[in-house]
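Shown next as structure tokens: one chain only, the form predicted on its own.
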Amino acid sequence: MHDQPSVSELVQAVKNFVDHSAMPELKGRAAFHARVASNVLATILRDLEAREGNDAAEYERLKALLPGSDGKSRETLNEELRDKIRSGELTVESAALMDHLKKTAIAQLKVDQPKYSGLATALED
């Protein structure tokens, strides 16, 4: 069985190289791009860690929100949700819809922008 190194470990190794070996040697535009690369790698690491749980939680919320959804994929359920929103069948007056959208957005913010100033406020609600 081949399980070493993991994808996360490989990404972390590249991030460590960028942060500790390459970035200190760079200036100007190259240093900026190295910081961008480091931030991208950090986002990838957070996504690798959270993706399975986030997708599973979203899928469960979608199944609860959309009756008759057994056996359908998360992608299909998201398409159905989109269609119900577009048709006006689900609106902002739906507490379940708003709860789903908020939880989905917060999960994505935790991956994309964990230092976003509004994240702590959103988590309190």
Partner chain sequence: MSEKQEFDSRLQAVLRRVYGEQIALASANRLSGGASQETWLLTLNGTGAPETLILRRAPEGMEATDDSRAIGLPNEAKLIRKAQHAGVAVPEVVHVLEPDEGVGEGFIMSRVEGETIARRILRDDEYAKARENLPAQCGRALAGIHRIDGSDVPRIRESTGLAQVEQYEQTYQEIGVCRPIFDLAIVWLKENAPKPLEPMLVHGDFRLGNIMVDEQGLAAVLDWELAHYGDPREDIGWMCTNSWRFGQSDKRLGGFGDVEPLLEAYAAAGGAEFTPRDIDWWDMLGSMKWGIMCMGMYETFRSGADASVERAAIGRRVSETEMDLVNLLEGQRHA
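These figures come from a predicted structure and were not determined experimentally. Residue numbers count along the first chain shown, from 1.
The form predicted together with its partner chain is left out here; the points below concern that form.
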Quiz item: Considering its partner chain in the predicted complex, which of 57, 40, 26, 50 comes within 4.5 Å of it through any heavy atom?
Solution: 40
Quiz item: Is residue 91 close enough to touch its partner chain in the predicted complex, meaning at least one heavy atom pair within 4.5 Å?
Solution: yes
Quiz item: Looking at the partner-bound form in the predicted complex, is residue 18 within 4.5 Å of its partner chain by any heavy atom?
Solution: no
Exercise. Examine residue 7 and determine whether its closest non-hydrogen atom to its partner chain in the predicted complex is within 4.5 angstroms.
Key: no
Quiz item: With a 4.5 Å heavy atom cut-off, would you call residue 31 a contact of its partner chain in the predicted complex?
Solution: no
Quiz item: What residues, if any, in 95-118 have a non-hydrogen atom within 4.5 angstroms of its partner chain in the predicted complex?
Solution: 95, 97, 98, 101, 102, 105, 106, 108, 109, 111, 112, 113, 116, 117, 118
